[in-house]
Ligand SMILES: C[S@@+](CC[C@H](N)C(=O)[O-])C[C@H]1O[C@@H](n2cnc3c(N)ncnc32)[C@H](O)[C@@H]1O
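Starting off, we have a lone chain in the form predicted on its own, written out as structure tokens.
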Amino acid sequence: MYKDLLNIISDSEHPLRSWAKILPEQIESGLSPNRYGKLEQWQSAIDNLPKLAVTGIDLVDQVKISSTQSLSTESREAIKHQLKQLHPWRKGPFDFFGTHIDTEWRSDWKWNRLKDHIQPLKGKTVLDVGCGNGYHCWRMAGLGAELVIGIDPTAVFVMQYQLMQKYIQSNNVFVLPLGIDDVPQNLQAFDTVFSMGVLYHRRSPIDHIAQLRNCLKAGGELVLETLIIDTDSDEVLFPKDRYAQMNNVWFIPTIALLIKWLERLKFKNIRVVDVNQTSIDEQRTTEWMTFNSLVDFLDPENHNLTIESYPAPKRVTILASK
């Protein structure tokens, strides 16, 4: 599955050629059965899906795989059962041969809020950091990106990508079982780098932004989406323990401070394109993600506060140029 990527970036003139030398070992380690006891179960779920004639793929308006092949009710239930072996489905939604995978996040809403503001992706090389199962990677390809590489260290999300890839068979969209620290330093190889929902999970947000900058070509664009606190000052929220029940949230800045961080790292043309308080319609429990979700992490009497009495999740999308 990853041979196509290695063939592309192993070319002597490709800007990612230095990564090609270490990537096979990284992928093997990232999907090691010794690290993930359910890996065999996930792979079996993918292998047991039926061979279906793909007659339509839509990555422009949604992520949809379709076929004119008729499926019985029993076949559809069997497909649904196999798909649910890869629970939890967090990013989406997907239309998989008529089966609607109603994911925890309405990731299409986030995409629609930013897609008309970013630099055109047609013919571009793109990195999506913390991409989950690759939902947005497919949408990037739908806008004409030449090569999309998503990275996410959570194995089940990578397997969800591999499930979709089994039928889409793309030669330019790849989701790798890696984190940003696995990306070689100072690549300067990508036209656009996305980091959405990652910054507040990093112990050093400025170092994370610097890593993203080092992935970009000169003139490349950063698409940064993160939690913020909504005041005009240069404050940062540092949760005492948990934030919205997440124990890995470190720094939540104001927009003003976030812009200063970007300026300090010599980004230019910095502009805010969206500010949005996450609603319980955008992030919620479904039959495809049955764990607790946003509503369980908010103050039941006041959804403008988290259960810990911090401001409820509000997100900004900022674009900046290297």
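Keep in mind the model is a prediction, meaning the values are calculated, not measured. Numbers for residues come from their place in the sequence shown, where the first is 1.
Below, we turn to the form predicted in complex with the ligand, even though it does not appear here.
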query: Among the candidates V198, V236, V156, A244, the residue which, in the predicted complex, approaches the ligand to within 4.5 Å (heavy atoms); finding: V198
query: Sole residue of P205, G130, P88, P93 within 4.5 Å of the ligand in the predicted complex, by heavy atom; finding: G130
query: K110, D152 and I180 all contacting the ligand in the predicted complex, non-hydrogen atom within 4.5 Å; finding: yes
query: Any non-hydrogen atom of R139 within 4.5 angstroms of the ligand in the predicted complex; finding: no
query: Partner-proximal stretch of 162 to 170, 122 to 130, 213 to 221, 71 to 79 relative to the ligand in the predicted complex, 4.5 angstroms, heavy atom; finding: 122 to 130
query: Interface residues of 1 to 31 toward the ligand, as seen in the predicted complex [heavy atoms, 4.5 Å]; finding: none
